[in-house]
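One chain is shown next in structure tokens, namely the form predicted alone.
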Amino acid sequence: MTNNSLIKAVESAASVGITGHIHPDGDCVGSCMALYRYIRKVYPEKPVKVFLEQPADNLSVAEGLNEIESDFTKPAEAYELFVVLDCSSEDRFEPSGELVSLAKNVYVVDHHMTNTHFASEGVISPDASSTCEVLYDLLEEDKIDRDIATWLYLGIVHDTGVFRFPACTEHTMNIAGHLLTKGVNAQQLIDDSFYRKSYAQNRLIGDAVARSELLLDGKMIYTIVTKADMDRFGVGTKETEGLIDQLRLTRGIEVALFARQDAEDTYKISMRAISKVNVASICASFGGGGHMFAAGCTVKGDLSDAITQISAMVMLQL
């Protein structure tokens, strides 16, 4: 069923800007690129541009990634409509904040239960597996080609952990099936964007897993990657993707936590839960958010204190 509120907003706008959250993941890039390519195809005369931090190389699975604007030092343009995808709050779409603030209208498409409803118009579906699933329901299905379908499939694959997470429903699988009829090469997309890693990335993940520690009688596992670790293996922050999922697969654990150092006293924390712990509520207490079983936040200061606080919160839910 197609909801035309997004289509109407795009059709009535003289120009459209698109953005997603900081450190864009597969669902963020997939939804932004799918909408961008859709507008380019259906409304070829309409000015449209995507603004994101440069995505990781593993997300280069379809056309258009090189058209993303990642230089935020240029003077900000005013767009009539700005569509913000996969963002739960205004602080999450930095460094595009100034661009969004200049827009006449802002439309949000999201699936995070922690969304603050910062835009006056949009669709937020917390029960959806991904923002790409929400976006699919907003587009006209007969106008989705192979390129657009590939970006949508990418987002669904990444936010469902290749169709493994609880948010993956019959509707999710039906959408994925429809996208396959558009010519999506699922095997290549999943291998190249989700599983395939560089040798240096594998070494970093192996080292981080080897240094991991168990808490709460083996119900929680965590590890930390510092800037020195990344320098030692010659990788950047984007190459740490996938580490949290490796921790999550540890037999017997309920919660996995991965902390990555982004600055001297600043750490990006990613959390995953199996079935009992609402990690979104825990991350929200640190200013973050996400989904019940997959969430994140940023902490500053003493990381050991933060992990102690988080483990105490986990224990209360076990």
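Numbering starts at 1 and follows the sequence shown. Since the structure is predicted, the reported quantities are computational estimates derived from the model, not experimental observations.
The form predicted in complex with adenosine monophosphate (AMP) exists for this protein as well; it is not shown, and the discussion that follows is about that form.
At a distance of at most 4.5 angstroms from adenosine monophosphate (AMP) in the model of the complex, none of the three residues 160, 248 and 274 contributes a non-hydrogen atom. Contact annotation: adenosine monophosphate (AMP) lies within 4.5 Å of heavy atoms from the stretch 262-270 in the model of the complex, the single such stretch among 45-53, 262-270, 60-68, 32-40. Between the options 150, 130, 88, 96, the residue in contact with adenosine monophosphate (AMP) in the model of the complex by a heavy atom within 4.5 angstroms is 88.
The closest non-hydrogen atom of residue 16 lies beyond 4.5 Å of adenosine monophosphate (AMP) in the model of the complex. A residue is said to contact a partner when one of its heavy atoms sits within 4.5 Å of a partner heavy atom; residue 295 meets this definition for adenosine monophosphate (AMP) in the model of the complex.
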